[in-house]
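The data below hold one chain only, encoded as C-alpha cells and taken in the form predicted alone.
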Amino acid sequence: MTRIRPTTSSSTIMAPLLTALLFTATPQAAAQAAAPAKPSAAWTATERAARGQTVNFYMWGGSDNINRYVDTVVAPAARKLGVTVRRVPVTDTAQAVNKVLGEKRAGKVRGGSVDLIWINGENFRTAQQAGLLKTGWAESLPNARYVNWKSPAIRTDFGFPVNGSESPWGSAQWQYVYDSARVSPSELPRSFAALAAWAQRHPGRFTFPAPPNFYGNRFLRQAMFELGGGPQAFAGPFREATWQRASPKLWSYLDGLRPNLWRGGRTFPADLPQLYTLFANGEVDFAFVQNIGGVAAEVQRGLLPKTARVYLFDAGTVSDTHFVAIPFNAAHAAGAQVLANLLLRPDLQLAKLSGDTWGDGLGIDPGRVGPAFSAQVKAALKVGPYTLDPALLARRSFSDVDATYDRRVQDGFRAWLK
C-alpha cells in the first residue's frame, strides 16, 4: 500500500511524514478548518446521486484487521449515507489496474466494474500514465479540508504528482518485528550487514516474501538504500546510472544471504500472512509491519504471539502515504466520492489508528481538526511493547523514491532467482 516531488528534491526525501501529518498546522489554520462548513450545491448533488449506489471497492485483502475495519466501521457509516460498500479483495493492486486498463482497451468508457481502488506507488503511476483515473476531484471533497495538501507526502506518490486524482487514506512506516522470547534486544541486527551476520549464525531463521509482493519488494529496496549509499542517493527522478551502481550491490548481498535463509532460499513466503504464520509457528524469528500502531492489532487478534516486538534499523525506514482513486469509467463515481470523503472523516481516521483495530497512520492533519482531536490521536497511539514512540518513528523516517526503482527491483529479483 506509500511522496511528492513535482521536481523531486532532497528536501522531500527526509520528510518526517508522521510528524508532518500530526503536528504541522498552525492553531489559526486549525481553528479555521475546524469550523463547520456548509456543503456546496455541487457536493449536495453528489450525495444525492450516490444514494442507492453500491461501490465496488478494490483493495488488497491480505489483512483480516483491515478487512474488518472496512466491514464493521466504514461500511456501516456509508450505509447511513445511502451507499453500500462492496469490498473486492485482490492480492495485488495491479489486478484492479489491469481490469480498468482492459475495459479502456475494449472501449468501455462508462459503466466500468471498478469504482474505487486502494492504490499507491507503481500502480498509481501506471494507472495515471495510461489515463485510467478520474482527476480533479480529491481536493474538492468536504473532508479534504483536514488534509495538508502542501505536504510532499500528499502532493506526490512515489515521486509522481497526484494532481487531484488520489485522496489520502492513511500513512505507514516500515518496521521490523522480532520475538522477544527467542531474540534478545542486544542480539538484534540493526543494519543489513548485521542482518547477514546474524543469519549466518542462525541459518534458516530469516526470510522475506518474494517480490512482486509489496513487503518483499520494500524489504529489498530498504536493503538497496543502505547498500547504495542511503536514500538521498536515490532522490529525484529515476537515474539509470544510480541503478547500475547500486543494484549489483543488492544482488551480491542476496547471494551471500541466500544460503542462510529459511529453506536455504529455495522458496519464499508468498505474502505477509504466510510470513506471520512462519513467525507464529516459531519457524523464523523476524517479520515486518507497516502500521504506525506496530503489531498491537496483530497480537490482539492472535496472529502474532504476545512476545512479538517492533524495532527499527539505525539508518531509518521508509514512510509513505496510501490513497484511494476513482477509475475514469467508474459506474458509481458519485458513491466512490462519498466513500472517499468518508474515509477522511476524523472519527473514522481515529478508529483505524488504534491498535485495537488496524493501527494505520493518519491521512489527515490533526491540527486541522482541532486540539481535542490531536489529544485523541496521542491517546490512541498507545506506545508500549507493540507500538513505537511516534517521535522515534518520525526521527528515523524517510520518503520513498521514484517508482521506477520499485519495478526494477521486482524485475531484478526474478532474474536473480534463476
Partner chain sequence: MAEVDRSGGTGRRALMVAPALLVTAGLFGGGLILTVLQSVGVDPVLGGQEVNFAAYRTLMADPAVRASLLLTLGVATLSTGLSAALGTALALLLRRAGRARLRFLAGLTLPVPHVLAATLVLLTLSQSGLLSRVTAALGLTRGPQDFPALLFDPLGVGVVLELVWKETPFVALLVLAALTRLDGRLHDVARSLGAGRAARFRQVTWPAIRPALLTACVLVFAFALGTVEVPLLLGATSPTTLSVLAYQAFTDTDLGRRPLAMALSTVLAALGALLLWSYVRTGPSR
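It should be emphasised that the depicted structure is a prediction, and the values quoted were computed from it without experimental measurement. Positions refer to the first chain, counted from 1.
Omitted from view is the form predicted together with the partner chain, to which the following refers.
- Taking non-hydrogen atoms only, residue 268 approaches the partner chain to within 4.5 angstroms in the predicted complex.
- The shortest heavy atom separation between residue 104 and the partner chain in the predicted complex is within 4.5 Å.
- The closest non-hydrogen atom of residue 232 lies beyond 4.5 Å of the partner chain in the predicted complex.
- For residue 396, no non-hydrogen atom is located within 4.5 Å of the partner chain in the predicted complex, even though that partner is not displayed.
- This chain is displayed alone, yet in the predicted complex one of 317, 329, 274, 163 has a heavy atom within 4.5 Å of the partner chain; that residue is 274.
- Taking a 4.5 Å heavy atom cutoff to the partner chain in the predicted complex, the contact residue among 151, 95, 242, 135 is 95.
- No residue of the trio 64, 219 and 404 has any heavy atom within 4.5 Å of the partner chain in the predicted complex.
- From the list 246-254, 84-92, 169-177, 301-309, the contact stretch for the partner chain in the predicted complex under a 4.5 Å heavy atom rule is 84-92.
- Applying a 4.5 Å heavy atom cutoff to the partner chain in the predicted complex picks out 122, 123, 126, 130 from 122-145, in order along the sequence.
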